[in-house]
Structures are given as structure tokens and as C-alpha cells.
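The chain below stands alone and is given in C-alpha cells; this is the form predicted alone.
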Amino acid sequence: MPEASLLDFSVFNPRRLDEALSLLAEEENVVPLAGGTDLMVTLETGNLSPCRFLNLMGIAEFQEPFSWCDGKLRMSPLCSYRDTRIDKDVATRYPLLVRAAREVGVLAIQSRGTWAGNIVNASPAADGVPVLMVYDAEVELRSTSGTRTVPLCDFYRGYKEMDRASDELVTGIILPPPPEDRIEYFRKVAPRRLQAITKVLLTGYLLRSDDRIEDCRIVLGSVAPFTLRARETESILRGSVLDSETIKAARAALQGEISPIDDIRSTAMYRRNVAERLLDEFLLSASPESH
């Protein structure tokens, strides 16, 4: 692809949501732009085809990062990682969001990058999407034709493929209240402690009733074409006693669900081994002997 010039790009600056949706429906080759932390990298490397950006930063309806209704958290499309880190209510109710927000780039990136952008960038190595998926987040999509919601765990169809039409805009991320007394886990494995792309990420929660697993969520990054909720592994665990046999069966199920690749950051075999060890660590940390 020939290198593009800045003169090949233009920007729409709507102030209201209805104006933005009309532009998205009526104009061709329009790309929504919020924090821009991924788009600008693509632009700088010359890998972004000429387009017209739809700047979301000035839309009045998007200015409040959070709202609460019936115990549910609603995140605006402009909600940044920094917004999450400094909000005490969010940190108390959804601590995994804060854990993930701390892993994203540097403070400047955290102040600019958005959770919605992390979703629609659709990187298998996303740091934010896995914890949103653990909390059963739903993606709200709106067009001039109406509004619909899609569970985040069903949003991806393949590598960079999403259940989002070209005229739809992400207008919110909705998180129900998570169960009380859950045991949470988050660990990202990368070449460095900070400012590094994920090699393997595993996050989740487990809810125990006595020595049995009542419910659980297990989500992984960088081991499939998109962020993967390990449903088969969850089904092995749900209702089982958390013992060595259950953990062994969960490891086998996980290996059947993931499909890592060799790339510049790691090998498929390494990712398989690490994913299994992270699952071990999570389950052992949640065992009755550990609490």
C-alpha cells in the first residue's frame, strides 16, 4: 500500500450523538476516533488507508465517563483507563478493571486510551477486553436505525472480525454487578513489567460454596484470534469439587480451547505452557486450603 499523506485524511467534529450517527450512515469511508492510541500508531507506520475520521471527543452525550443504574455500571465510549483508576466506586466494585488499566502503556496512554477503543481495535492481546468479559460486559451499539446490545463474549467472530455494522457506533459498555464473595485473579505475562504487549493473559473469578465451585469465569488473551472466554473449561469447573482431579480436567479442557500461534513475541508451545500454569495458579489460589 502506498504511503498516505496527512492531506489524504479529514475530520468530522460532531457535537451531538445524532449528528455523529447521521455522518456514519450517510458518508463513506468514515472511521470513528476517540483516544486514537491505536489509530495514530497505524497512521504513523503508513498502514492506514486514507479515510475521514469521526472525532467523538466533542460529543455532549459522551462526556461523563461513568453512570450507575439499578446497580449496573455504564461506561461511556470516552471512558479512559485513567478515569477507571481514580474512581473509588469503580475500584471497589470492579477491581479487575483497575488491575488491567494499570497494565496499559504509560500514564499518557492511560489518560487518552479508551475501553471502547480497546474493544473495537479487536486485538487478541488487548489488556482491557478480558476483564470486561469476566464481568459479563455488554456492548451497546447504536445507529440511525436503533440501539442493540451484544454480550462482549459473543462480540468477536474471528481475527479483527466483530458483530458491529459499519454504520453502528459503540455508545456504551454495560457491566452488571458481579457476585459477592468471588475470588478474582489477573495476571499478565509479558517481556517487561510495564509498556509491553501481552504474551499470555489470564483473568477470571471463582465463586465457591463450601468446597464446590458454584460459578466461574475464565478469560484469556493472546492465545486465540480474539479474546477468549474459556467456556469449556468453565463447564468442567462449575459444580465440581476444587481438587487435583478437577484441576487436571480443567487444564486438559483449556488446552483444547486455546489456539496460540508462533509470532515475534513468543511461541505457541510457550503460550500453551504458560496458560496452563496460570490456570493452575488461579485455581490453587482459590482452593479451600488457601482461604
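Keep in mind the model is a prediction, meaning the values are calculated, not measured. When you see a residue number, it is the position in the sequence shown, counting from 1.
The next section is about a form of this same protein that is not shown, the form predicted together with a small molecule.
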Problem set entry | Within 4.5 Å of the small molecule in the predicted complex, all of 34, 103 and 188 (non-hydrogen atom) | yes
For this session: Specify the contacting stretch among 207 to 215, 146 to 154, 107 to 115, 176 to 184, defined as having any heavy atom within 4.5 Å of the small molecule in the predicted complex.
Result: 107 to 115
Seminar exercise, completed: With the partner omitted here, the residue among 41, 69, 261, 60 that in the predicted complex has a heavy atom within 4.5 Å of the small molecule is 41
Problem set entry | Residue among 137, 170, 96, 90 with a heavy atom within 4.5 Å of the small molecule in the predicted complex | 170
Problem set entry | Distance check, residue 126 to the small molecule in the predicted complex, heavy atom within 4.5 Å | yes
Exercise. According to a 4.5 angstroms non-hydrogen atom cut-off, is residue 56 in contact with the small molecule in the predicted complex?
Worked result: yes
Exercise. Is residue 77 close enough to the small molecule in the predicted complex to count, meaning some heavy atom within 4.5 Å?
Worked result: yes
Exercise. Looking in the predicted complex, any heavy atom of residue 164 within 4.5 Å of the small molecule?
Worked result: yes
